[in-house]
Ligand SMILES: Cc1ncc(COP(=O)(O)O)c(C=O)c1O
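Presented below, as structure tokens, is a lone chain in the form predicted alone.
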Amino acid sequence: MTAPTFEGILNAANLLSAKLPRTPAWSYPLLDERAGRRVIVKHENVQPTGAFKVRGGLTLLAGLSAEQRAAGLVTVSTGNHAQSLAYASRAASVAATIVMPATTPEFKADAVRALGASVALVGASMNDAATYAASLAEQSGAYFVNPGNEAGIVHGHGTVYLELLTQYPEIDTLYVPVGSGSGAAGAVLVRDAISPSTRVVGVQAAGAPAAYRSWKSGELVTADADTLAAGLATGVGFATPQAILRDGLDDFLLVSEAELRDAIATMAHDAHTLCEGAGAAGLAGILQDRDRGVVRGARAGASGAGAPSTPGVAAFACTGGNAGSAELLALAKLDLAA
């Protein structure tokens, strides 16, 4: 496996500038008031697949050899990674097969088929589907795209945070959702290169803590994944992002299902934005810090910065707007009057 680099993110940014528009990022007064500090939201939900992962798919496809493209791709996913690879493969005229668990909602499979990829519904879990996908790739000679361990995907996902920190250098804390950890790893690489005083805080669902436990223990951990946030529901730690996150994250938060639902509803109410669970996870981390009275600011020791005495500028990416039924129900049931 090739280790991701900041140079790779810069190259991805050059590539993507001709394929995707820069997504908007700004603040909302109601959201700032609720969070108790200024919050900048980057809207990856407006990407053509509804999520930031399209950046990774396009970057990965661009880096494959002619032989790899001719052989086609196989990957495993239940959601945004699947659509990302399908979208990028169609753009590059490459055959793609997406393996999904048999329990995947039909609308998700239909979204992938609509982008031109083949769908194989196999097994009762992501682990079953992943085992089948790897076997299928080996038998067919297709290139197996590991959702968490591809440097090209980390490079593409890192461009989210290159855009954000370039546009808003005053950001002192980035809250980054963690599923496989590819986006968070990209955020760390960008922070280290252009904004060393910025803290990067990972946020994962408490019901799917594999990446968190891997980060805490220093070992790749397998754990059950039971959360409404499909983009956070990874059951294993991935080596490539964990190698970057281990020393790069300033903190790592676990948020409950109730906190995710509250963040989804808050985004709809305060920022006029439909978020899926993973897309609202960064805000869930911000609100958890607010409730715990945690004040974050510039990193201690970076450019002479010390411990903050007042809240600084927080930011997160709404990484996706492909909400499923559980996330949509959050909008109907929560009262945000308080």
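Numbers follow the displayed sequence, beginning with 1. Just so it is clear, the model here is predicted, and its values are computed rather than measured.
As for the form predicted together with the named molecule, it is not shown, yet the points below apply to it.
Novice: Is there a heavy atom of Gly202 no more than 4.5 Å from a heavy atom of the named molecule in the model of the complex?
Specialist: Output for Gly202 is no: heavy atoms all beyond 4.5 Å of the named molecule.
Novice: Flag Leu283 as yes or no: does it have a non-hydrogen atom within 4.5 angstroms of any non-hydrogen atom of the named molecule in the model of the complex?
Specialist: No, no contact at 4.5 Å.
Novice: In the model of the complex, is there a heavy atom of the named molecule that lies within 4.5 Å of any heavy atom of Gly56, even though the partner is absent here?
Specialist: Outside the cut-off, so no.
Novice: In the model of the complex, is there a heavy atom of the named molecule that lies within 4.5 Å of any heavy atom of Gly231, even though the partner is absent here?
Specialist: Output for Gly231 is yes: heavy atoms within 4.5 Å of the named molecule.
Novice: Among 288-296, 35-43, 62-70, 271-279, which stretch has residues with heavy atoms no more than 4.5 Å from the named molecule in the model of the complex?
Specialist: Only one stretch passes the 4.5 Å heavy-atom test: 271-279.
Novice: Just one of Leu260, Val178, Val188, Leu85 has a heavy atom within 4.5 angstroms of the named molecule in the model of the complex, so which one?
Specialist: Selected residue: Val178.
Novice: Mind listing which residues of 79-98 have a heavy atom within 4.5 Å of the named molecule in the model of the complex?
Specialist: The one in contact is Asn80.
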